[in-house]
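Taking the form predicted alone, here's one chain by itself in structure tokens.
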Amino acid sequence: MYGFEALTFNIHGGYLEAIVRGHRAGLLTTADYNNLCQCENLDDIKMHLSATKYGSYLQNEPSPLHTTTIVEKCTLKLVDDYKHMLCQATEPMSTFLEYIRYGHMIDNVVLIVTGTLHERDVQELIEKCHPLGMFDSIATLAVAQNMRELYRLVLVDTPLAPYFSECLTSEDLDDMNIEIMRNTLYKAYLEDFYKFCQKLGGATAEIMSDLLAFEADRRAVNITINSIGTELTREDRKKLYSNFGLLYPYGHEELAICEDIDQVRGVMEKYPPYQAIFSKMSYGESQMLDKAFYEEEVRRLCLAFEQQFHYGVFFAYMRLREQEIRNLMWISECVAQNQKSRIHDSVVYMF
């Protein structure tokens, strides 16, 4: 569904949309994955990737290779693509691209705070952070003892500051509180991103509403499953669900009272788009759920490229590239540990 954006979109967005569609053409195909699955060692993987967009990033890496090296170099490609697009973008596209980073910022904050809690070296933790989620004061996160200090000392000057309003408590940071903080931040971030996309209107609002609603629903399901058997109350659980999506509000009411995976399944099967996901699982198991959600997400992301004149393609490309890096990490680990029979367990094919 188009408004009048088709008349003016190409003035500022035409070049970048062409660039991102070119990047999309460089994503690995099913044939590439089939070839990667035949590799005997990590050098074979490097040799195959030399014919793809990752070739220039891996060409100077000496043997023996490690999985972390492959993942680092592939992530560097993603970061370079993102920075190039951000440099060329004008408002409101530049704000839209900034929003894509905020999820990684939240993950980095949680990683550093959790690592510090378990007395890990800060420098070692910073090396594990996602490069898209880095900000200037990230190293000083380690000094915070509770949420208020975390906000006052570090996060007040970052784009995450508005999302912390619901997290500010004086409770000491422990594993449970940190996980609640992560989900509260993600809720605020997704709701803010959703409102921003609605404000943009047109095809961007239509496509991004669907993608963000799916993300919100997936997080609601994961929060429910992960909180089964913990001291998190039904009301606390419900507070972590985003206030939009296909499950909002009646699905959230039902998920909040679920006490095992089969009850979650019973709720989700009432919603046709999610019925197919849960039909792939047998009763009582949740191991395949992540992969089923990733497959559904990839299908929706690929559909975003079927329309023109909208910003959803930038979000879709970044997510597809991240999924591709997860696939490469899994394949590399399986090859390195001589577990090739398990390669297909977690690879999500795209095209």
Partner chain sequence: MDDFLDKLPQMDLMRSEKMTLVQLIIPVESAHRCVTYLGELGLLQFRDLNADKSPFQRTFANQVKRCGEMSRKLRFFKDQIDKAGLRCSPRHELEPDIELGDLERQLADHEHEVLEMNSNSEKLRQTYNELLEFKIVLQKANGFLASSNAHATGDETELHEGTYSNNGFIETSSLLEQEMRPEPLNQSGLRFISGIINKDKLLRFERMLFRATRGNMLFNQTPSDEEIMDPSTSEMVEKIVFVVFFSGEQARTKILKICEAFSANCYPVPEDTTKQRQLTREVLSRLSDLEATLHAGTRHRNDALNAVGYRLTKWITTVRREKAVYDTLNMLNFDVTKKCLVGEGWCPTFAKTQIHEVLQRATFDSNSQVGVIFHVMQAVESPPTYFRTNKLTNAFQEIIDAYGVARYQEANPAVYSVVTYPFLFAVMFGDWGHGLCLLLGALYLLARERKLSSQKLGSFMEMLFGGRYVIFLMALFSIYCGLIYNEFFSVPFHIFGGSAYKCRDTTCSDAYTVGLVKYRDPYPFGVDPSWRGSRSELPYLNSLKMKMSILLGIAQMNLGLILSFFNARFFGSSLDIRYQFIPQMIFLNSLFGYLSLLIIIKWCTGSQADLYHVMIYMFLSPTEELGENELFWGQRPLQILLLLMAFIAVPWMLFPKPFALRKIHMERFQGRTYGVLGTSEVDLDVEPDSARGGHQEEEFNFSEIFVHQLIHSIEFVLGSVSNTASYLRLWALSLAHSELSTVFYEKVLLLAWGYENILIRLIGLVVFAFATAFILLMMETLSAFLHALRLHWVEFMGKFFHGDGYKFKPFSFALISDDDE
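On a predicted model such as this, the values are computed, not experimentally measured, just so you know. Positions refer to the first chain, counted from 1.
One more form of this protein should be noted, the form predicted in complex with its partner chain, which is absent from this view; the next part is about it.
Student: Hey, in the predicted bound form, does I257 get a heavy atom within 4.5 angstroms of its partner chain?
Tutor: Because no heavy atom of I257 falls inside 4.5 Å of its partner chain in the predicted bound form, the answer is no.
Student: May I ask you to check whether D157 falls inside a 4.5 Å heavy atom distance of its partner chain in the predicted bound form?
Tutor: Yes - in the predicted bound form, heavy atoms of D157 and its partner chain come within 4.5 Å of each other.
Student: Should R326 be classed as touching its partner chain in the predicted bound form when contacts are defined as heavy atoms within 4.5 Å?
Tutor: Heavy-atom contact with its partner chain at 4.5 Å: absent for R326.
Student: Can you check whether K46 is within 4.5 Å of its partner chain in the predicted bound form, heavy atom basis?
Tutor: Yes, K46 lies within 4.5 Å of its partner chain in the predicted bound form.
Student: Between the options K83, H118, K195, R152, which residue brings a heavy atom to within 4.5 Å of its partner chain in the predicted bound form?
Tutor: Selected option: R152.
Student: Within 4.5 Å, heavy atoms only, which of A161, A276, M176, A139 is in contact with its partner chain in the predicted bound form?
Tutor: Exactly one listed residue reaches within 4.5 Å, namely A139.
Student: For the chain shown here without its partner, which stretch in 299-307, 66-74, 30-38, 318-326 has non-hydrogen atoms within 4.5 angstroms of its partner chain in the predicted bound form?
Tutor: Among the candidates, contact is made by 30-38.
Student: What residues, if any, in 60-88 have a non-hydrogen atom within 4.5 angstroms of its partner chain in the predicted bound form?
Tutor: Heavy-atom contacts to its partner chain in the predicted bound form: N60, E61, P62, S63.
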